[in-house]
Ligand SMILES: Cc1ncc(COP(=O)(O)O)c(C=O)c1O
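Here you get one chain, nothing else, as structure tokens; it is the form predicted alone.
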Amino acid sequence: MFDPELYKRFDQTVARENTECEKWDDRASFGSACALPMWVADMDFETVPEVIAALRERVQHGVFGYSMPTGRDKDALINWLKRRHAADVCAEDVLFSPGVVDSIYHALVALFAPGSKIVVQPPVYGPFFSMPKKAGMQLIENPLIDTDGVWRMDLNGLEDIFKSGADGLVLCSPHNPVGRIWTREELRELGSLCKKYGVTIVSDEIHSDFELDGQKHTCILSVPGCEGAVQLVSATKTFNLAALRHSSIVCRDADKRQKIASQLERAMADVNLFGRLATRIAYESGESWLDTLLVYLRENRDLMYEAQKATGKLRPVSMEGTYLMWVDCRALGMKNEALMDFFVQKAGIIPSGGTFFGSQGDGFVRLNLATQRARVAEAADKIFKALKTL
């Protein structure tokens, strides 16, 4: 439910400088300590008020010894997935992990032998390349297809890869950076291929709660043929809790789940008290906050989208999910290094460089729009003025 008072809070600037904040305090590494940071995927908004209150109360207790999860932690996740995504999950299906990237690594190590062939679909979030390699796997790329700014999975290319031999697929759903919410039909076709060729899906769904236009995210475990998949979710993106380090692994296959649990135990990949508490309270109390945030983010997206279209030189993707806009800058004729220099030095904005998402991202940047409206408008103006100098 939309809350006008919460909406006003998203407009309030929160000073993040000098708070050990990577997004704001590491700007000098890009060559400009005063550029507007729109790179790291966290939000410049205070989290859910109930979460802040619960953390404050727990801190005041003053004793921070060993802690343990309770049934309420799993119930909060289960009820959230049911309410928001019509997904049926049992408590026994759920494991906890410090983070989704950690979970990708641990799932790969647990489920696949060294040297196994793992497929990713670039351009895609950088750790999708590094985690399979770190886990000792062979990485196979099946690039997405860009059709007039609408990015799709190359299912024909995927089947060719599966025919030649593949063991796993790391799926980004919704997709970072292109902002697609895969339709149920797209996922059904993907699941059919994976079932046919015995490929296990590990699905990163950390952005699943960002449904900007009413199109619903489909949890991978709700898709026919994907019953053996591993679903990775977290409240950290949804409620801006990244530094508290908490995520969930949902796996219905008892054998796979036990292998992952054993790997987490070997790695001593425990979650911490504050991340667990914040996640639980966010799932229990954060629905109005999220509903209001989605309205705010949609308006930020529309502002930036129209501003960039008006330049005639940039082709932004109208993101369906996430709060990250993928911008096609290839008409400027610049490779990644020159493009980053243009945005940082000429426009005074720090985006994420496209090649972080693979070689297919050369000529693109990603802009984080989860910030105050005034900053989004400022960024749009800076980009427009910088383009006029070319």
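Owing to the predicted nature of the structure, the values given are computational and were not obtained by experimental measurement. In this text, residue numbers run from 1 along the sequence as written.
The form predicted together with the ligand exists for this protein as well; it is not shown, and the discussion that follows is about that form.
Inset, instruction - Using heavy atoms only and a 4.5 Å cut-off, determine which of Ala41, Ala54, Ala347, Met340 is in contact with the ligand in the predicted complex. - result: Among Ala41, Ala54, Ala347, Met340, a heavy atom within 4.5 Å of the ligand in the predicted complex occurs only for Ala41.
Legend entry - Position in contact with the ligand when the complex is considered in the predicted complex, options Thr279, Ser208, Gln121, Asn176, heavy atoms within 4.5 Å: Contact with the ligand in the predicted complex is made by Asn176 alone.
Inset, instruction - Would you check, heavy atoms only and a 4.5 Å threshold, whether Met304 touches the ligand in the predicted complex? - result: Met304 lies outside the contact set for the ligand.
Legend entry - Tyr125, heavy atom within 4.5 angstroms of the ligand in the predicted complex: Looking in the predicted complex, residue contacts with the ligand include Tyr125, since a heavy atom lies within 4.5 Å.
Inset, instruction - Decide whether Lys313 counts as a contact residue for the ligand in the predicted complex under a heavy atom distance cut-off of 4.5 Å. - result: Because no heavy atom of Lys313 falls inside 4.5 Å of the ligand in the predicted complex, the answer is no.
Legend entry - Any non-hydrogen atom of Thr236 within 4.5 angstroms of the ligand in the predicted complex: Yes - in the predicted complex, heavy atoms of Thr236 and the ligand come within 4.5 Å of each other.
Legend entry - Whether Val101, Cys172 and Arg245 all lie within 4.5 angstroms of the ligand in the predicted complex by heavy atom: Yes, the whole candidate spot contacts the ligand.
Legend entry - Region of this chain that lies against the ligand in the predicted complex, out of 92-100, 77-85, 155-163, 209-217 [heavy atom, 4.5 Å]: Within 4.5 Å of the partner lies stretch 92-100.
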